[in-house]
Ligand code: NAP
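Starting off, we have a lone chain in the form predicted on its own, written out as structure tokens.
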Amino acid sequence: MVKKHVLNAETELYCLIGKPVSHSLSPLMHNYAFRKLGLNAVYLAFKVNEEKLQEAVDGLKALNIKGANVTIPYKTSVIKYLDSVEETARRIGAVNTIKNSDGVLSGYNTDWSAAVELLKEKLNTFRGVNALIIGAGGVARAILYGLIENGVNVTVTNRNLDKAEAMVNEFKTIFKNKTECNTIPLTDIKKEISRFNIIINATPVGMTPNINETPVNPDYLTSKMIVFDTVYNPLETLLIKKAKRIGCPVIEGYRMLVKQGVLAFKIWTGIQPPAKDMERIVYLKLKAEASQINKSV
């Protein structure tokens, strides 16, 4: 049974900082978990303009906010305002989780392990696997780290290829050429795509309200590819819909949202949250929103 949420002077505050945040379902799943576990805590979403990011981070200390998630576009830029960064997050160069321990802000990254766990559900081994990551932002960095760490050969493409090349070169230095890692222009995807076992969208392309966009032409896909879209709103992006129609194994973005959120919750509280329930309520919320959109069309 989920307990009633009663707020008082002892309520601990957790939050999301980013821009935009109005679409976020992090408050839904975290507040559900707090209630389910009987914790006196609440989670809010704060829209933060770029020029106010440092003030927002300092505000975590000033208001004794116990923990925070960081979303686009601040996963990389937030690092310089933290007191410490866990080693893996430092190597990735992106933080999506902050813990406040008596005024000391520590940064973590739960995106990479969430992505790896989801891919392991679809693959028996990572040996000999070739993956294409579309994007070069914070979530792309995290997934790239996780894949290289597990021996996957990774290719990165991005609208700004220079940014992708800089990221790949940085990771080659970190891993000392542990696995094959390179870039291709977006214009080369059609002729190169057949060699990939995994296609990962790590960009916002396809996110509500731009639901008719895809990061790659779905006609290029084959049924043997795992298609992983980190966009979770809508429930099924156009890329995921097209991939399902041709029989591709898929990983929807809402599962990534929940996985990384479960890991963040444990970092903040030391408690394992009700992961299956969190996934269920996020899924039902997105399904209801999709139903409303279909009725209005």
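As the structure is a prediction and not an experimental result, all values here were calculated from the model. Start at 1 and count along the sequence shown; that's the residue number.
Form predicted in complex with the named molecule: not shown, discussed below.
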query: Contacting member of Ile200, Ile92, Val139, Ile98, with respect to the named molecule in the predicted complex [4.5 Å, heavy atom]; finding: Val139
query: The single option of Asn160, Ser194, Thr125, Thr187 touching the named molecule in the predicted complex, heavy atom within 4.5 Å; finding: Asn160
query: Partner contact for Tyr232 in the predicted complex: the named molecule, 4.5 angstroms, heavy atom; finding: yes
query: In the predicted complex, Val205 touching the named molecule (heavy atom, 4.5 Å); finding: yes
query: Contact of Gly253 with the named molecule in the predicted complex (heavy atom, 4.5 Å); finding: yes
query: 4.5 Å heavy atom contact, Gly135 and the named molecule in the predicted complex; finding: yes
query: The named molecule in the predicted complex: contacting segment from 223-231, 99-107, 80-88, 147-155, heavy atom within 4.5 Å; finding: 223-231
